[in-house]
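This document starts with one chain, in the form predicted on its own, laid out as structure tokens.
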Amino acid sequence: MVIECIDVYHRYEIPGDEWALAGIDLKIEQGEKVTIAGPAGSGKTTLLQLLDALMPPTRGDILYDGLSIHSLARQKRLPSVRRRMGVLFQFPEEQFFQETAYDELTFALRNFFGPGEVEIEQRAFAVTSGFNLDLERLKTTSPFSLSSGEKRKLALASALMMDPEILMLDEPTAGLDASGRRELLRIISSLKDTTVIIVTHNQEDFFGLTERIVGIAQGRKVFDGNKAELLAGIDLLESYHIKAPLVLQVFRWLRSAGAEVDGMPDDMEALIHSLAAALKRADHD
């Protein structure tokens, strides 16, 4: 599915409320991996809710494969769009309402698509095996008794049960320890054909996963580019209080200091490896 925002404005129906989003133009193609970054209160989560067709914009339009959200809403066809998407909000425990973790896992698939129980369990096994979640334990465990990492995995697994074309994630690594972050990133990186939209105030975790970065500040799009363009735009982003990944800041500093570091590193480990290779070459010269 291709999603396109055309001059999107949105504000909530609160007297005196200012625009949460203003003049957003954004097109996301099927299969893209996109990070939407910005400080707290910048409008990131509002944009995610609009992209997920949870509400129409106050002004402007959002197209899903060329179909207007306003037209789809009038025709009561928005649920058919949402069924093609999976969403993980920042606090997964606020999404849970089923008695067991298994019922939570299978709820959307069961109610939106209505396959038989055998097919549901087969799908549940296939999805949870990649998350290191014990399916039998989920059948007897409340989702609220899971650890924070398990809750995040359960919420993501629930979204993936429907094999969505688009996966939207709001601060997916917030509150996770280093091990939990690595596991979650491994799962996300395995989604080769799925469009992934990650909303975050911290790009560090996702720099190696996404090729496109969209910067949002004060409700407006202030940056939209790839990693090379992000490197050139660090000062612009920081003027809007959008912090560039540390690895990119260090990479820029090394380059400015005359270090001949090859390529664009995805993380500090890759940068250290490149720097070591550069120093080794210098020793041989």
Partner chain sequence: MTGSEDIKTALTLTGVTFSYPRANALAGIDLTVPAGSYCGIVGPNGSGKTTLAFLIAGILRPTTGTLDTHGLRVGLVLSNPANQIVSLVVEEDIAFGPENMGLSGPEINARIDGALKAIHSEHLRKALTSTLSGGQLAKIAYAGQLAMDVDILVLDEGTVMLDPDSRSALLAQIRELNEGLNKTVVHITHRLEDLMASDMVLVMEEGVIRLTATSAIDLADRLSREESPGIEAGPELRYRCLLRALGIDDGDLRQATALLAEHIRASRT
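This one's a predicted model, so the numbers in the text were calculated from it and none came from an experiment. Residue numbers count along the first chain shown, from 1.
A second form of this protein, the form predicted together with the partner chain, is not displayed here; the remarks below concern that form.
A heavy atom within 4.5 Å of the partner chain in the predicted complex is found for one listed residue only; from 48, 231, 217, 250, this is 250. This chain appears without its partner; in the predicted complex, the one residue of 110, 123, 201, 84 with a heavy atom within 4.5 Å of the partner chain is 201. The stretch in contact with the partner chain in the predicted complex, judged by heavy atoms within 4.5 Å, is 87-95, chosen from 128-136, 158-166, 209-217, 87-95. For the three marked residues, 11, 30 and 116, no heavy atom of any sits within 4.5 Å of the partner chain in the predicted complex.
Heavy atoms of residue 100 never reach within 4.5 Å of the partner chain in the predicted complex, leaving it off the interface. Using a 4.5 angstroms threshold between heavy atoms, residue 241 counts as touching the partner chain in the predicted complex. At a distance threshold of 4.5 angstroms between non-hydrogen atoms, residue 22 is out of contact with the partner chain in the predicted complex. Proximity of residue 179 to the partner chain in the predicted complex: non-hydrogen atoms within 4.5 Å are present.
For the partner-free chain shown, 39, 40 of 25-58 come within 4.5 angstroms of the partner chain in the predicted complex, judged by any non-hydrogen atom.
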